[in-house]
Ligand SMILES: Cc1cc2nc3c(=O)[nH]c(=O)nc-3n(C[C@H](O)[C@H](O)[C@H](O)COP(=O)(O)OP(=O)(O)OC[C@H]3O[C@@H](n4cnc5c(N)ncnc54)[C@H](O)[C@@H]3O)c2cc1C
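One chain is shown next in structure tokens, namely the form predicted on its own.
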């Protein structure tokens, strides 16, 4: 039986939980034999007295075995990109007993981690192996957040979370309202998923950049790699991620139908984590819950939405660049979330009307222009500014009570000169509103850094009900194709496309 709205203190005993179950179920004589958490969130309305509110499966029967539909599909499927969408697409196909080859332009997690640390220390960028490209995708160097706003009636979300848990993540990700793994743990989990693909019969290759999709009579017939190798296939899963700009242009030139889509750009803001935790939980430290996250949203007088994105408790601002002469940033946390600062992207909605021209890739050029300004503003270092100086359009000269927690070199610059004026105006209107939501949010010495330009893909590659683009056998999926916004939703879309291939391709 399912029991909702079970409320217990964060610090509770088993007896407390059983009493709460009986109260919520309105069955005083209920014999509680087993309990499984389906969902858990925090009620902080009476802080510092905090409560869990849970949805539980109580005394549930053994689940019936799930029968997988048969498929007579033959031949090898090529998956391009080893981010969440590509990994889960390849894993789904391999576990169905079908041949799959996963190609990744970057390196394995083990090699990639060393290269990224070297970039943070030296600023020397490898365009093929960085925070954006390589095994695990951009999410590998993030907080490893697994929450998603995607409405999931198919159970794919639960399948993704249970796969992560089976690969080594804490079981709590399967029920916490804001699940996260942390970049240090996520690296280990990505390796385990790769091994699961290989153990199921799949093949994974790194340093295998696809330069061309080969097409014959409007259908896929193979792919050509950067080293000249040609791999024959009739099916390609395109899980390229939101930063594969060169691939976007190749697809456009091939005649693949795509369109510019809205996304968001802005800055990162840093505050003391203890300040955020105090505001959210009523105490600067709460051992059982760790560093507190937050979420803020506002709408400007001009109608633009401004909101926090990819909030990283106890985290770091990261130089996430992937192109020479251009700079973008992201946020990350380790699993302990024990850094001194909280950071989050504070971003403004932009639409194709903001982009130059009407080309489907005009959003890419909009991003590139911002990232070039960010690079030039501080000679390749992360541009940083105190909030009070950003608000007054002047370059900062010294830090206050908040000092940067960053991966990569940084320096003072005027962020106003990086963003278009309408976006600066929107941010300056919204941040004081956030200060009324979270005490101290608009403190003068809060830190602003730029530019956060890769919140999601600026492109959508159109696909039909079978999951295919206008070229038969080409299956766009995940965040780069415009169908996801984060690790979990990308992984879900990878499974969805794999199942199109396995179970519905031959169905008229």
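Residue numbers count along the first chain shown, from 1. In this text the structure is predicted, and so the values were computed from the model without any measurement.
The following text describes the form predicted together with this ligand, which does not appear among the structures shown.
Among 396, 300, 247, 113, which has any heavy atom within 4.5 Å of this ligand in the model of the complex?
Selected residue: 247.
Note which of 406, 210, 361, 200 lies within 4.5 Å of this ligand in the model of the complex, where distance is taken over heavy atoms; exactly one does.
Contact residue from the list: 210.
Looking in the model of the complex, any heavy atom of residue 138 within 4.5 Å of this ligand?
Flag for residue 138 set to yes.
Can residue 274 be called a contact residue for this ligand in the model of the complex at 4.5 Å between heavy atoms?
So residue 274 does not count as contacting this ligand.
Wondering, does residue 310 line up within 4.5 Å of this ligand in the model of the complex on heavy atoms?
So residue 310 counts as contacting this ligand.
Decide whether residue 270 counts as a contact residue for this ligand in the model of the complex under a heavy atom distance cut-off of 4.5 Å.
Close contact is absent here: in the model of the complex, residue 270 is far from this ligand, nothing within 4.5 Å, heavy atoms only.
Counting only non-hydrogen atoms, choose the one of 190-198, 398-406, 366-374, 237-245 that falls within 4.5 Å of this ligand in the model of the complex.
Every other range fails; the passing one is 237-245.
Within 330-346, which residues come within 4.5 Å of this ligand in the model of the complex, counting heavy atoms only?
The stretch 330-346, when checked against this ligand in the model of the complex, contributes 330, 331 at the 4.5 Å heavy-atom cut-off.
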